[in-house]
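Read the single chain below, which is given as structure tokens and is the form predicted on its own.
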């Protein structure tokens, strides 16, 4: 995918205090847990972890992810166990702050109460890592089962916000902007996946119709200068996952990834893994990809890290402390 980085740059990336602000917890299922569950069935490393692997389509990727997630995430304790391993991996990479989402569909598929999933993930947060948990929901999920859950979740203690997941080609339904407005009225953060498989128009929709400033991916905004300008005026943040974009064939080659142009034009970009179960990536891999594949300098990587801290849901003293630690590297 790109040339390896030097040991000096790898060391710099490792020492850099970092964030992860776009992580699906079901898509971050540690493979080692499946191996414990069935050592024979999961004896081989997944093919999708190879650097040159590409998913044929989003539907194949989604089916693979859901099939494996449903084998593990059968009760709240399993969310707790997975989160413990995931968060330990974050600490090992000098990550200080994480935003992760669980998918509302799991409440419907498996009958697990959403409050218990939320509590399990939050209780797994280790000392030294600030964790914020979001509930993600598909564009067409306002079903008889989930409607009361989605309306009630805005009052759940410890929920940081909500996120719009899934395929972008589905139309935005009437309930969605209303729920996003209510969430902000309750003091929650709102996000939306946009500008990944569909074009810049979906980024515009997320900003103008949903009123969110946190765009998950957002990279196809590069196709419309007016949307770039809109994102700048809205002070929007794009939580970008380059390796995911390449392996899902949204972008053909890493060297062509729009994060280079978006960053240069002044869009606030952060760096995350998205679904490492399906891509075999780490946050440090993402930084290495920017360095080796897109010629980001160490100072630019420091700015990416600071961007994550800038939007983190923490008090100003904590934000200033982390930012100072980045500057000191």
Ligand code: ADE
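Numbering follows the first chain given and starts at 1. Just so we're clear, the structure is a prediction, and the values are computed from it rather than from any experiment.
Just so it is clear, the following notes concern the form predicted together with ligand ADE, a form of the same protein that is not shown.
A.B. asks: Hey, of 240-248, 68-76, 202-210, 142-150, which bit sits against ligand ADE in the model of the complex at 4.5 Å between non-hydrogen atoms?
C.D. replies: After filtering at 4.5 Å, what remains is 240-248.
A.B. asks: Give a yes/no on whether residue 193 approaches ligand ADE to within 4.5 Å in the model of the complex, heavy atoms considered.
C.D. replies: Because a heavy atom of residue 193 falls inside 4.5 Å of ligand ADE in the model of the complex, the answer is yes.
A.B. asks: Can you tell me whether residue 115 touches ligand ADE? I mean in the model of the complex, with a 4.5 angstroms heavy atom cut-off.
C.D. replies: Although ligand ADE is absent here, residue 115 would stay clear of it in the model of the complex, with no heavy atoms inside 4.5 Å.
A.B. asks: Although the partner isn't part of this model, could you tell me whether residue 96 comes within 4.5 Å of ligand ADE in the model of the complex, counting any heavy atom of the residue?
C.D. replies: No - in the model of the complex, heavy atoms of residue 96 and ligand ADE never come within 4.5 Å of each other.
A.B. asks: So in the model of the complex, does residue 286 come within 4.5 Å of ligand ADE, heavy atom to heavy atom?
C.D. replies: No - in the model of the complex, heavy atoms of residue 286 and ligand ADE never come within 4.5 Å of each other.
A.B. asks: Name the single residue among 58, 296, 31, 263 that comes within 4.5 Å of ligand ADE in the model of the complex, judging by heavy atoms.
C.D. replies: None of the other options qualify; the answer is 58.
A.B. asks: What residues of 259-278, in sequence order, lie within 4.5 Å of ligand ADE in the model of the complex by heavy atom?
C.D. replies: Stretch hits, in order: 274, 275.
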